[in-house]
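A lone chain, given as structure tokens: the form predicted on its own.
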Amino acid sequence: MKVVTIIGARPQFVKASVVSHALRNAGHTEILVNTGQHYDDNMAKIFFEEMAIPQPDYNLGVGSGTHAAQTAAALIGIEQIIIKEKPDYVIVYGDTNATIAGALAAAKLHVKIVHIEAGLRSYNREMPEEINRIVTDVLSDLLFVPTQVAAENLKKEGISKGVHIVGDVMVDALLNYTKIAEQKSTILDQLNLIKGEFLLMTIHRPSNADHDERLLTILDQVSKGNIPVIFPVHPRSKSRVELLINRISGDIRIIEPVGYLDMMMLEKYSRMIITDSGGVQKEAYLHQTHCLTVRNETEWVETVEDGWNILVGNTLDRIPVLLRNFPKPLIWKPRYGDGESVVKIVALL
């Protein structure tokens, strides 16, 4: 079997790290394509090095730009690669512009599409990720979903053929790499952090990061927790964040984006996480770390239902209180699989 795998952003690097190894170990041929949506060394290169991800066969160098520009550039490059390589499947992950570009290119060339992490829905079409998910799922031939909820979402939209509940490959990655991170990561010592005595914050979505007054409010409310905050800042937001932080008095420490191993340690040992990232919400749940999500909805509904995640998009003034007194979670279950998702995916392929 020959597959073309499309990746372009940090979460996809993590997922591909376990799927690519499994495919190759099973004797299949994989052509790895990096569209280059995340291109900064701290956003990309370190992931390939830490997780021993095979070096991409093609780098498209799409870089930053509007959604249309990114998607169009990736679409053109991926189409040429599919024509040249003639794969049996094109594998796409999640909900980025690389995802939809890969799905569109494959569909137009009549190559079967595999969507890993299919069926997620926030039901907010103002999010570009939601559009990418919906279109990719409609086009896909094999839809590997992480949960029963995701399968039900697809069923409501009339999609039932080719749907398989396999769990989440990020669980496979987290279980594997957290053990390695415990041995290799020195981030807590580097930043002089005490386990359970700091907060971790990641804010990158345009609805939060691209509006100065809203971002300032988020920073101000988080700073009122009176506990050190570690904030790995996306490169495109760094200069603006630095200016805004000068307007508040709290202890928020800006750091460069970190690799996967360091991120696992920060997530696992923080007292609480404040984020607008879908992946970080889920990782917080897997680490059993409390989470405040600066959005009005989430695709990872189980994290909210079980009480580990609270949505504060419309109620930023609740943040200081929740930082001091997070309600006790109702339950914790292995909602996202048993760490054998990759085995199931390769067997089904």
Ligand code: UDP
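Numbers follow the displayed sequence, beginning with 1. Predicted model only: the values in this text are computed from it and were never measured.
Quick note: we don't show the form predicted in complex with the ligand, though the next part is all about it.
Participant: Let me test this: is every residue among 14, 205 and 232 within 4.5 Å of the ligand in the predicted bound form, going by heavy atom positions?
Facilitator: Every listed residue reaches the ligand in the predicted bound form, so yes.
Participant: Considering the ligand in the predicted bound form, which of 87, 146, 77, 257 comes within 4.5 Å of it through any heavy atom?
Facilitator: Partner contact (heavy atom, 4.5 Å) among the options: 257.
Participant: Have a look at 264, 120, 106, 218 for me and say which one sits with a heavy atom within 4.5 Å of the ligand in the predicted bound form.
Facilitator: That would be 264.
Participant: In terms of non-hydrogen atoms within 4.5 angstroms, which of the given stretches 274 to 282, 179 to 187, 148 to 156, 134 to 142 touches the ligand in the predicted bound form?
Facilitator: Result of the contact check: 274 to 282.
Participant: Does any heavy atom of residue 170 come within 4.5 Å of a heavy atom of the ligand in the predicted bound form?
Facilitator: Close contact exists here: in the predicted bound form, residue 170 approaches the ligand to within 4.5 Å, heavy atoms only.
Participant: Looking at the partner-bound form in the predicted bound form, is residue 10 within 4.5 Å of the ligand by any heavy atom?
Facilitator: Taking the distances in the predicted bound form, the answer for residue 10 is yes, it comes within 4.5 Å of the ligand.
Participant: Closest heavy atom of residue 47 to the ligand in the predicted bound form, within 4.5 Å or not?
Facilitator: Residue 47: contacts the ligand in the predicted bound form.
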